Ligand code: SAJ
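Single chain ahead, written as structure tokens, the form predicted on its own.
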């Protein structure tokens, strides 16, 4: 069983993972390329918002089991938890961008030793774990090092922002090794804190399993979003329609929204589409429906807004009750409205500053201020802070409620 770990990437996945191992008595070095992140964590604080994570990190740092640094050091296990975005080609195709994974893999080559376990947690295209082996072997060759018996596995996370610490422990996991030994050793590692079942498979199946989970959700959200477009065309209340349709014992339609955001659902299906473009027809269509939904909302705002309209965008996060703005359709909508010359008031109770794309183009205000000043209100995120809104409070204003939150 591994006694020391090096976790590369101290974001929404890496930091909770590093901290929970540390609180279980394992010596953990967390690595991040951003100096301010390293400094914040070494002071026992956090740079992201997640319930109870600050308590966990503080305990891990104060115990001496968690330290942060800019470069990796020798350890028994290396866990790679860095971003895996996509890039857009000149033809408009979305292709996986593995530069952060490759950089992380190559960075451990100077310090790996025989028998070390290298785990990829980052959600990645099929075959990435094999590429990590190739990259590390290549780097070892450049360094003139010969290291035998390295083990490689893909062990994707399944945790939800806002419930990360609970789900890190209680959700089932998949451990997919390049060899059975790597799978088994990975399972033994996660059994340190995981109370749920841990399933063994090969690396390629594990990689596709995680992508499949998020593509499944994307397709189901696209169905709801397409229904909302149909209902707008036919002048039908989509929320009433879904409530009634869901009375069928085998129907569970999700709630529509302004699009799909976050680093997972809005990104991962493209990895499958890129790998099998001729076969992934449904997934491609779902992505197009969900990516197109923000443009529909923008068109609704323009139809409702006058020339000198003040538009309040309620919510910027990609989902309710978190501060995560990655791939957020709400940010895209606010940005496009500001670019069109409308006065945009952004209400996001979970952040203290606007994202760069909105700085100087929109104003971050309180809900009360936005309601007092706006002529058009666009509810984009169903934060708890907006749950009590009523039509009476919005009297005299144009309302576009993409989440079905506002009540009579």
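Numbering follows the first chain given and starts at 1. Since the model is a prediction, treat every value here as computed from it, not as a measurement.
As for the form predicted together with the ligand, it is not shown, yet the points below apply to it.
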| item | value |
| --- | --- |
| Heavy atom within 4.5 Å of the ligand in the predicted bound form - residue from 130, 323, 213, 76 | 213 |
| Sole residue of 294, 176, 125, 261 within 4.5 Å of the ligand in the predicted bound form, by heavy atom | 261 |
| Residue contact check: residue 254 to the ligand in the predicted bound form, 4.5 Å heavy atom | yes |
| Close approach of residue 217 to the ligand in the predicted bound form, 4.5 Å, heavy atom | yes |
| Contact flag, residue 157 vs the ligand in the predicted bound form, heavy atom cut 4.5 Å | yes |
| Proximity of residue 161 to the ligand in the predicted bound form, heavy atoms at 4.5 Å | yes |
| Site test, 10, 33 and 106 vs the ligand in the predicted bound form, non-hydrogen atom cutoff 4.5 Å | no |
| Stretch from 276 to 284, 185 to 193, 217 to 225, 92 to 100 whose residues place a heavy atom within 4.5 Å of the ligand in the predicted bound form | 217 to 225 |
| Heavy atom within 4.5 Å of the ligand in the predicted bound form - qualifying residues of 262 to 279 | 264, 265, 268 |
